[in-house]
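Single chain ahead, written as structure tokens, the form predicted on its own.
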Amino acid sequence: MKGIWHYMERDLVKWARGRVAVITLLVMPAAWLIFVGLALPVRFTGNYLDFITPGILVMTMLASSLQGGSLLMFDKILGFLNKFLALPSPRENILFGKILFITIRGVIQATVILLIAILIGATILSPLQYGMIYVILILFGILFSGLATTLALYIDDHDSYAAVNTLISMPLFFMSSALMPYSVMPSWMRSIAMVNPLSFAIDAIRSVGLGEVPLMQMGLLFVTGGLVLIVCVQVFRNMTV
């Protein structure tokens, strides 16, 4: 755990010093929340702000997770990763340290978005409900930060990684239940959205807001995240840089 903590702390300090990056990552989700959430009081959702907030929270975690893969890519390009791999600590510590930092960063950013949502009129929930929302966001963050760090091992430049990032994030977001309920989707889109990992997290958060305990969605996120971590660990154990 000490090794994991030091790898995480290194990235956390670096991120905290880059104030521009801290702010810019919040601009897009905050804009979606304010301009879309307030401008579209859609009939089929009642309070559209309450409906879209879970989608924006999950989008924030997704953006943070996918961007986090670039940290490992830059460590590889600049030669730091070779030095880390030569240290006596297990190489899995590098992976878990990155995933821990990326998840913590995403949770911090999601907290800011959640506070903005409350300030502009979203329904205030109980402490227990907020706790469950954070559990869902953490499970989702682990899933996609593990995926992002693994992809970063096979990509050698920032432009290519940014293109892959967009290729993954945009279809996942727009083919999920973030912006509209299943009942108004075309049948082909509904079929895709119902197996989309983003929809698992979004639907789980909406269920929490309704006072339910979304065990099925949380279980799917847990199992999927566990499988991704197993693959990530195997890749890190066998990789050469």
Partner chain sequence: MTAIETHDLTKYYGDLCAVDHLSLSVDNEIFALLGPNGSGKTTTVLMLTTLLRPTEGTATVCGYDCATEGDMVRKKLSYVPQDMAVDIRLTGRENVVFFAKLYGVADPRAQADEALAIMELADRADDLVKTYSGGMRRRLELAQALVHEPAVLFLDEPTLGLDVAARKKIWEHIRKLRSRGMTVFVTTHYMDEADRFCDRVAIISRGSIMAIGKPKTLKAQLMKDVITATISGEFIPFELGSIRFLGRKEDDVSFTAENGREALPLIAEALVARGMKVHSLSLHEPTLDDVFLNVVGSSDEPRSFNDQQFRVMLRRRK
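Fair warning: this is a prediction, and the values are worked out from it, not measured in the lab. Numbering follows the first chain given and starts at 1.
There is another form of this protein, the form predicted in complex with its partner chain, and it is not shown here; the text below is about that form.
K.L.:
To verify the annotation, which of these, Val112, Val135, Leu125, Leu87, has a non-hydrogen atom within 4.5 Å of its partner chain in the model of the complex?
P.N.:
Selected residue: Leu87.
K.L.:
Heavy atoms within 4.5 Å of its partner chain in the model of the complex: which stretch among 79-87, 160-168, 101-109, 137-145?
P.N.:
Contact criterion met by 79-87 only.
K.L.:
Considering only heavy atoms, tell me if Ile230 and its partner chain come within 4.5 Å of each other in the model of the complex.
P.N.:
Result no; Ile230 lies far from its partner chain in the model of the complex.
K.L.:
Find out whether any non-hydrogen atom of Tyr7 is located within 4.5 angstroms of its partner chain in the model of the complex, and reply yes or no.
P.N.:
It does: once its partner chain is placed as it appears in the model of the complex, Tyr7 has a heavy atom within 4.5 Å of it.
K.L.:
Closest heavy atom of Val13 to its partner chain in the model of the complex, within 4.5 Å or not?
P.N.:
So Val13 counts as contacting its partner chain.
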